[in-house]
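Below sits a lone chain in C-alpha cells, taken as the form predicted alone.
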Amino acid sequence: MLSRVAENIYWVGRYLERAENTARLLAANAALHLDLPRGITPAWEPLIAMAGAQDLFEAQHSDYSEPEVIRFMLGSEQNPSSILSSLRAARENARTIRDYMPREAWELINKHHLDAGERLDEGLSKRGRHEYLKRIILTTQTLNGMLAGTMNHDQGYHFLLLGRNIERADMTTRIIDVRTDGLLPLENSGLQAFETLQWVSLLRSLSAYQMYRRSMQARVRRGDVLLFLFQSADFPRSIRHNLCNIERSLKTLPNHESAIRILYQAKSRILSTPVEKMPCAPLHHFIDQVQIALDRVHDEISSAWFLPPH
C-alpha cells in the first residue's frame, strides 16, 4: 500500500472522529446548562482549553461568552479543530483516495461536509443547535457503519481504525480533563449539590451514561466514573478499550514493534493507576502522560508508514 494512501485514510478516521467528539461535547454542555438552576451557567472557556486553542481564540475574541465559543468550535475557519474544519479536512483526505474507498462512503463524506456548512446558521442558533449537533453525530456514525460494512478489512481499513481509535482515546482524555476541572465553580460556591450533574454531563458527553449504569451498578460518583472511562474493557469509548483496538490494528501491519512497545507501557500504567482516588492536580498530570504516550504512538506510526514531511 502506498504511504500517501495509508496516511490519508488514517487522517480521514481522525478528522471524522474529531468532528463527532466536538459535537458531543457542545451538546452535553448545552444540556448541562438546561439542568442547572436559573442564573447558574457552566463555563465555556474549558471547551477551548480542550481543543488547545486558547491563544488562537483570545487573539480573535474578547471574552468566552457562549455565542463566541460556539461559533469558534462549530464553524470557525481559523480554528483547525472546529467541526467544519475537521469535516473539510476529512473530505480533502478522502477526495485524494476516492478509488480506495467505497463510492457511497466518499459521497456521504462530501455531503456531510456540505450539509454542515450550509446549515451552520442553524447550529449557531439556540433553537436549532441540538438538531444540528445530533445530525453531525448520527451522520458520522452512519459513515463508520458504512465503512465497516462495505470496505475491505485490509491494511487500509486498519489505518482508518488506527486514526479513529487514537483520536477517540485522545478526545476522551481531553473531555475527562475538562469536565473534571473547571466547568462548575464547585469550591466554596454552594454548588456542591450539583456536582453529580457535572459527572452525568461527562458521561453524556461520551454517550456513556446508560453503559456506566449497567456496568458499575452504582449511582454516578466521581471515582466510579473515572474508573469506568479509563479502565473499562467493554465500553467502546474508554481509554483502555481504544488502546486494545489500536493494538489489534497495529499487529496486522509490519514494523509495528516500537509502537506496540509504547502502547503496552501506556496500558500497563492505566490499569495499575488508582485513578478513582486521584485529586484534580495529579489526575491532570496523569492525563498529560497518557496524551504524550498517544502522541508517541502516532509518531511511530508516522515514521514507520507515512511519507516524511516536506
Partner chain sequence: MKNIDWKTYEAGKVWDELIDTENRPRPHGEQLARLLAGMDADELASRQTAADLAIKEMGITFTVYSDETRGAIDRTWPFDIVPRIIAKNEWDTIEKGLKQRVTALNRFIDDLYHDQEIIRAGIIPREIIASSSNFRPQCVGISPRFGVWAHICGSDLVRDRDGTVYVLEDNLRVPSGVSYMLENRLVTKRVFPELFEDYAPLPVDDYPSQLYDALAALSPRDIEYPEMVVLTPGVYNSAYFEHSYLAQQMGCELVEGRDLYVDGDDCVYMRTVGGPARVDVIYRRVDDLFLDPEAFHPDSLLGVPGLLRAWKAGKVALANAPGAGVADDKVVYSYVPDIIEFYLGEKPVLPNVPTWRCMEPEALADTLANLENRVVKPANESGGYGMLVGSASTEKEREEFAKRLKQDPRNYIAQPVLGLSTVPTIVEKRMEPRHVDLRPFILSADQQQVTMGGLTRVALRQGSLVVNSSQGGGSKDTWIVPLR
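Positions refer to the first chain, counted from 1. Remember, predicted model here, so these are calculated numbers, not experimental data.
What comes next is about the form predicted together with the partner chain, which is not displayed.
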query = Applying a 4.5 Å heavy atom distance criterion, does Arg103 contact the partner chain in the predicted bound form?
reply = yes
key: Interface membership of Pro274, the partner chain in the predicted bound form, 4.5 Å heavy atom rule   = no
ask   = Just to confirm, Arg98 within 4.5 Å of the partner chain in the predicted bound form by heavy atoms?
value = yes
request  = Answer for Asp234 alone: is it within 4.5 Å of the partner chain in the predicted bound form, judged on heavy atom distances?
outcome  = no
ask   = Among the candidate residues Glu131, Glu107, Asp154, Asp121, which is the single one with a non-hydrogen atom no more than 4.5 Å from the partner chain in the predicted bound form?
value = Glu107
message = Which is the contacting stretch out of 198 to 206, 146 to 154, 87 to 95, 170 to 178, given heavy atoms within 4.5 Å of the partner chain in the predicted bound form?
response = 87 to 95
